[in-house]
Structure formats: structure tokens, C-alpha cells
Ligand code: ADP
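The chain below stands alone and is given as C-alpha cells, in the form predicted alone.
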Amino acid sequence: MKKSINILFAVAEAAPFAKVGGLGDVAGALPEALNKLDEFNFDVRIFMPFHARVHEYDPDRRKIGNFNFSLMSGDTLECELFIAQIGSTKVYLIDNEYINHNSPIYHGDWRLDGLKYVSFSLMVLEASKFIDWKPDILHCNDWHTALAINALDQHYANDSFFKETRTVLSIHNLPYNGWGSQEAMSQLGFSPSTDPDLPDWAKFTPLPMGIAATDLVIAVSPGYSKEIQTPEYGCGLENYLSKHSDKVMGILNGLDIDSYNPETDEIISHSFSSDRLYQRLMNKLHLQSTLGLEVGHQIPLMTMVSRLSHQKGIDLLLDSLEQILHLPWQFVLLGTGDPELEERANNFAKSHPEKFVALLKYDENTARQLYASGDIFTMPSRYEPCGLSQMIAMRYGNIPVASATGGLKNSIFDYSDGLDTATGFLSHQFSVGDFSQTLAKALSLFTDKVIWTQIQRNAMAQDFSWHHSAITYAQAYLNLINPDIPENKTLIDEA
């Protein structure tokens, strides 16, 4: 029987066990999609902390055992290892005193987060040895696990167990680099990177240390992989990433198309398909009535589901809406975040109650209703490494108006490039003037039902399934393991 290719997927969160954002969605879906590529015989296993959130979710699990790790201080860190499953994918849950069962997934306290994730990065490797499962690929995600890659050089350089292991580091959001974890790194035995190409500040910062040590960097969209090599988005690492661009690539994230399916979604009030858009309209009328907005199918309904943060362009959105108050529209915003942005959204709603509703919370059921009810979905992001909301919106026939950045420009086909392919509208300048004009163009075209229906059907026909992304990851893995075998490309093409 063909030997399996073992892939250790180390991550801070994975849906449905524990999820804060898009990273959790990726980790909950990508390993499963890779394991379903039978022609490649992958054995992908998730390794994640046994968070308090996981205890609350309470998945079926069994304990494998305990193992110890000797700290620089001379103390011993005792760890517990459990196994569970997400779908058919094995999930190893790692526990130690630094995981801190009374804490959220991310403390927001750099010392505590540092101890949690620096220790976890080491325990991932120890757990692999404990179960005697040699990874061909160690695939880490963001700063929380980047030090596992660095540890292969610093702690396990002479360990034959990992001699053949190649490494991948996915960057989901470059600005979050783990700065503040220096005390934890020192306590747990890490030394600064010796890579001369790294800036001095980065040599003892988790994410840059992982970037320097890894064989391959994968950004979560082709657009973002190029943007992080520029001063605007590179967070001080643009020169390093540009110099080492031969090991940087981008792969667009996928979407769980079984979960996000308007034909079978039991959360929305009326299911529908691209051939039954009249049933979609019932969701809109229901939402308008529920929220006390004027009920009518001819009034364009704009929606947004987002963290309220500077990155997401909430300030730009509100300024843009001010510019088009004279046009007919309604808007429903769902999300929480920056208190100042929450206050500003709330004040906008008070000033324009007939047009704007601010739901300052996050609720999955409400989010799905907005995806299924809105005519236009807004994403005025300053940067967007990949973005899943635009994919969900398109799947539900909610047409995105978005900034032309990162994964948004990789997943949305702009109306200006032709109606035959159009799935949304892109604003190419991050300015109030350009975004308000892009909104106005979409609102104007909404009145032409022939054009709008064509755009909706184009959008709903897009295939954002994880299968396509998994094929590209498979190519990347195989190229790392067998870089000199040209047949890899043929194999992927045939798949």
C-alpha cells in the first residue's frame, strides 16, 4: 500500500471546537478537504490547545496519556494529550498549565498569550514524538504556532525524528506577529534568530522567526502574498519577504459550501436557489419587517457582517453613506468591536433610523439572515488577507461592493470588466469618494432587474469549495517533499 504523507497541522483554533475568526474556519475545513483527496494519500492531523472553549464544546474524546518537557529553569512542564475528531480528521488536544482553562482563546495579555502559545509550539513537536507519528510536513499557522518551525532548528536540529520534516507557515494576518512574547520565549529556551536578513526587532518575535526558518510561506490569497511584500502591508517585513519571494506564495481560502447553502440552510426564513430568486425576496421582506424598516422589494437593502475595526473600514463606510443619503437605500450592520466605532455606528443609526440599523452584537443566525436578505454586501476593508464574508454573500446572492485588496480582488469579478463575468463591484482607491461612487453605481444598477439578476446568478455560480484550494496545497506539499520530480505538476493537473 502507498505510504501516507503525514501532515501535522498546528493551529490555535479550529471550528467547531473553538473559533474566533477566519483562522478557525480554515483549520476546521482545510485538513478535512486534504484528507478527502484520496489520490494523494494524505494523513492530515490537527494539533491545537485544549482551550476552555473546547471544554465547553465538549467533543467526544479520549485521553492518550501524559508527557513531560524540561524547562530551562529546571522545572518540568507536564502535558496531557487527548484525541478527538472533526469529521474524519483526527484532532489532538494538548493541555498544560499555561493553556489556562479559565481564559479565552486569546487573552489579550501578551505575557499570558506568550506562555500559552510558546509552550504550545514546543508541545506540538513533543506530542508528535509521544505518539510516534513522524510528520513529513509541519504546517503552522500565524504567530501562535510559528515557533514550532523555529524550534526544529533551535531545539531539534540533531533529532533524527524530524530529520525529513519540511515546513510550511501560513500567514492569515501579518500585523499580529506575537510581539510581547519575548519573556515567554526566554523562559522556554528560545534564542533570537540569526538570520541576517531579518530586521533587528524581528529576530526575537515569533512570526518573523517562523518566517525565517520555514521552507514555504503561504499567504491566504495570491493578492495578499504580493501585498505583504510592499511597505504598505509588509509590517516592517516587506524587504525580507521580497528578498525571499521564491519561498512566498498565496492560496485563496475556500468555503464550507455544505454549511453555507441557501437551498438547505435551515437558519434562514426561506430557502432558495439561483433559479428561485423570488423566494429569496421573502427573506428580505421578513428582515425589513422584523427590524422596523419600510417593507418593499424595490428598496435596495445593504448589509455588513464584520468586526468593527479600523482594518474593516467602518469609518470609510459611514463617511461614504453620508455622501449618498439622497439615494434610496436601507442598511443593516451586524458586529462588535472598537467602542468608538460602535458608538459612531449607533449615532448614525439614531440620526437616520429610517435608513440604518446597527446590531452591535454577533450572532450566527442573524448573520445568515443578513447574507440571505441583503441585495448588496459591503466590505470597505483597508486590507483583507482573504476574507470569507464576500464568498458567503455571493453564495447567497448578496452582491459585494468591496475594496480591491487582498483576497477580495482575487474572489470578486468587477462589473466594470463585463456583465458576463460580473459578481460584484470593486473600489480601486481607498477613499470616501471612490467607495461612495462604487456604492452609487451598484444602487443604480439594482433598479435594472435583468442586469441585477445576471450578476446574482453569476455570483451564486462561483465554486468556492475547499476542494480547489486543497488541490493547490497538495501541489505545494508535494513540491516540498519531492522538489525535483516534474511529475508533481502533471499529478495535480489530472486531479
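Bear in mind the structure is a predicted one, so any value in this text is a computation, not a measurement. Counting begins at 1, following the sequence as shown.
In what follows, reference is made to the form predicted in complex with the named molecule, a form of this protein that is not presented.
At a distance threshold of 4.5 angstroms between non-hydrogen atoms, residue 388 is in contact with the named molecule in the predicted complex.
At the 4.5 Å threshold, heavy atoms of residue 361 reach the named molecule in the predicted complex. Not displayed here, the named molecule is kept clear of residue 373 by more than 4.5 Å at the level of heavy atoms in the predicted complex. Mapping the unseen interface onto this chain, residue 300 falls outside it, with no heavy atom inside 4.5 Å of the named molecule in the predicted complex. Contact with the named molecule in the predicted complex, defined as a heavy atom within 4.5 Å, holds for exactly one of 357, 367, 252, 218, namely 367. Partner proximity in the predicted complex, defined as non-hydrogen atoms within 4.5 angstroms of the named molecule, places exactly one of 198-206, 300-308, 237-245, 315-323 at the interface: 300-308. Contacts between 7-33 and the named molecule, taken as any heavy atom within 4.5 Å in the predicted complex, involve 19, 20, 21, 22, 23, 25.
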